[in-house]
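Next up: a single chain in structure tokens, the form predicted alone.
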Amino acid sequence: MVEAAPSILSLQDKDISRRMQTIFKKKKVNIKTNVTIKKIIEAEGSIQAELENGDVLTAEKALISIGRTLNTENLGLEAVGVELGHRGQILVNDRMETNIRSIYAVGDVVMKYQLAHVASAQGIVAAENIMGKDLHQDYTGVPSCIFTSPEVASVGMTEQQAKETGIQVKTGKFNFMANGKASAWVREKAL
């Protein structure tokens, strides 16, 4: 696994990122962080990835998962004066309104959180505001899940983000194996 960021799951709490890295290493997954792939070639029935630091990784297959690109071109946004960000995202305020009064945008194209439930919440805010209300989108408690093995879920800020904003944090930890559902999951995977 090659990751350009300093750690895997870099948007999650640092403890979660470190724990997942340990789990992957136990599963014999080689993880390289702070590095990018320079080029990938097919050679002798395998894939070779040359990293920017000069290392070469060999594997049977390569899965490239580097995010999404926006599809905001050719929508006529420029013609009506809607402002776009440097990555092509539609700029909106917390009412989901663009710089043009009465034009709203929601979902992946605004690049807040690329999650379906966030887009739904944004759509409700936009629809209510179109109907004359004054609602504001709040992103402080956004739930998300990463479908790894084991799964990772979070809601709101990480511990580090909370500390950076001056919020006192009390951390509690609970052993995954002490959870009945987790124990059932482990037994099921063993069968």
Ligand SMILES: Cc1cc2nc3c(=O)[nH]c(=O)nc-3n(C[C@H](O)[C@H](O)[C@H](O)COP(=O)(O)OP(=O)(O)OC[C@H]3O[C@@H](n4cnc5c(N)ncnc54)[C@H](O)[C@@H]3O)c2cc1C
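Everything numeric in this text was worked out from a predicted model, so none of it was measured. Numbering starts at 1 and runs along the sequence shown.
The same protein has a further form, the form predicted together with this ligand, not shown here; the description that follows concerns it.
Colleague: Answer with yes or no whether Leu75 is in contact with this ligand in the predicted bound form, where contact means some heavy atom within 4.5 Å.
Modeller: So Leu75 counts as contacting this ligand.
Colleague: Report yes if any heavy atom of Asp108 sits within 4.5 Å of a heavy atom of this ligand in the predicted bound form; otherwise report no.
Modeller: Yes, Asp108 is a contact residue.
Colleague: Taking heavy atoms and a 4.5 Å cut-off, does Ser102 contact this ligand in the predicted bound form?
Modeller: Close contact is absent here: in the predicted bound form, Ser102 is far from this ligand, nothing within 4.5 Å, heavy atoms only.
Colleague: Would Ala116 show up as a contact with this ligand in the predicted bound form if we use heavy atoms at 4.5 Å?
Modeller: Heavy-atom contact with this ligand at 4.5 Å: present for Ala116.
Colleague: Of Lys28, Lys61, His136, Arg68, which one comes within 4.5 Å of this ligand in the predicted bound form, counting heavy atoms only?
Modeller: Checking each option against this ligand in the predicted bound form, the one that comes within 4.5 Å is Arg68.
Colleague: With this ligand taken in the predicted bound form, which residues across 18-42 come within 4.5 angstroms through any non-hydrogen atom?
Modeller: Residues within 4.5 Å: none.
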